[in-house]
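Just the one chain here, laid out as structure tokens, in the form predicted alone.
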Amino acid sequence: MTATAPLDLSSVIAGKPLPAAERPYSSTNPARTADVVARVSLAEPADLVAACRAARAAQTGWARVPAPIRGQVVANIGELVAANKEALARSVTRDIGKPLAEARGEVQEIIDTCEFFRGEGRRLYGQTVPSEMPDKQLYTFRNPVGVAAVITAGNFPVAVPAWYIVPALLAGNAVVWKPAEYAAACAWDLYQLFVRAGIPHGVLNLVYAGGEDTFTGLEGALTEGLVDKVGFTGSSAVGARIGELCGRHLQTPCLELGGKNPMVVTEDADLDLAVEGALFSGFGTAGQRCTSLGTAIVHESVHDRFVDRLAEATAAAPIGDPTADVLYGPMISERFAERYEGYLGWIRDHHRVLGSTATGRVSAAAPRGGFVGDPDAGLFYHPVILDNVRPTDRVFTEETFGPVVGVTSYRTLDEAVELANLPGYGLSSAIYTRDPAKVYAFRAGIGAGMVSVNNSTSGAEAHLPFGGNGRSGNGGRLSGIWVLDQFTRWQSVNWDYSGRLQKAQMDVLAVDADLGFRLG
């Protein structure tokens, strides 16, 4: 991808950019680390508080806009993203090194999300509920929560923010969005499309900030009563901190966290299909998805054949330049490359290492056959398959954010389900089988919020709930109608037009023997 001059980016609050910082953060292209994509002025904690204050001031007016009109603005966003799909996808690829085909799919998720929610402006349904008293009606309404602070990771730098921001805006909320600073340029591009779609100043605010400054600013905003909902996508450790902070202010955040996503391969599975699914879900985006395959749990009767085929497919898969047709490109930033090298330290003597002739970084000293491009230019790492993984291994129990897949075996389906649940995450899961009975037994026993049958652990659609349990989240769901429960609050109304005070549960209607009614 041709390098261009770096962008100079800063936060935008109520439509006005903040002054440039003296020492900006440099965001680089991980496929060519010499390519500086953006110089980002990082905000201070007080700036995030100011953004929440601006959102509070703008939210009331936005909520008064009729919901169908807000839906039309969402439609505008989708149309603008569709018109700029290729440019935004290439921005994602340059920012984080995601293969261009995957980046195009990510942008399509925004379009799909807008397509779904454009109609929800006409379907923010409440209910009319029958009363137990005469001459009285009961109703429910969805009201916006107010101000939402949305903090997103950079592995899906435009799709996941849209999962939060689009329904939040549709429901009448104002948003303060803190994207990952290492994916600043594509976040800027998405923000500009939102603004040009008709979002008023202050209704959507963009804040670039480091992690600790974000936490401090969020704490200040919560203390001042400026934030009504927090949405966070990121690691389980950081999610726990945010959950604790919100709990001190009697709030329940929407937490979409990490995963150790299992794939069970039964004795009757289509092994070629299972291998294809494992290859994509284990190594797509270099294993840097919350839904990436963690451990393949394979029936002992087909274990050896599955491992051999997966190792062969992995060794043959092209990796490298993300603008080419590759399985995966680089790690998305230096911090994740360093963290991944730590995960490789979890490899033990009892593991059988497959999938590559080396572990660690691809280089002239540790080459990979068929590599596409210049390995020394970026943060490229060998794919690793670890066979003979044990339930006590850290590589089995902890999320490994990078191109490493564990494999273990099982005898009974009950044992497979137990192994799948053991790490305590509960985001995504998969089973490969031809037996419907096994499908239903797995679905009933697995603790994951999402189950795939004969499909990979990765993948989402705009009208299906996305989210996890346990170490993967606190039960909140993104996407579809279910996310509206994160950004609206139910309000009940009882309207008594009887002309007298009727006391529910005290004034009770009784039925006479002749089917007449009287107050009992």
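Because the structure is predicted, anything quoted here is derived from the model rather than measured. We number the residues from 1 along the sequence you see.
Omitted here: the form predicted together with a small molecule. The next part is about that form.
*Asks:* Picking from 299-307, 149-157, 205-213, 115-123, which part of the chain touches the small molecule in the predicted bound form when contact means heavy atoms within 4.5 Å?
*Replies:* Looking at the partner contacts, the answer comes out as 149-157.
*Asks:* Among Glu109, Asp387, Glu219, Asp189, which has at least one heavy atom within 4.5 Å of the small molecule in the predicted bound form?
*Replies:* Comparing distances to the small molecule in the predicted bound form, the residue within 4.5 Å is Glu109.
*Asks:* Considering Thr93, Thr291, Thr295, Thr400, which brings a non-hydrogen atom within 4.5 Å of the small molecule in the predicted bound form?
*Replies:* Checking each option against the small molecule in the predicted bound form, the one that comes within 4.5 Å is Thr291.
*Asks:* Taking 4.5 angstroms as the cut-off for heavy atoms, does Thr233 touch the small molecule in the predicted bound form?
*Replies:* Flag for Thr233 set to yes.
*Asks:* Considering only heavy atoms, tell me if Ser458 and the small molecule come within 4.5 Å of each other in the predicted bound form.
*Replies:* Yes.
*Asks:* Would Phe487 show up as a contact with the small molecule in the predicted bound form if we use heavy atoms at 4.5 Å?
*Replies:* Answer no; every heavy atom of Phe487 is more than 4.5 Å from the small molecule in the predicted bound form.
*Asks:* Hey, in the predicted bound form, does Tyr182 get a heavy atom within 4.5 angstroms of the small molecule?
*Replies:* The answer is no: Tyr182 has no heavy atom within 4.5 Å of the small molecule.
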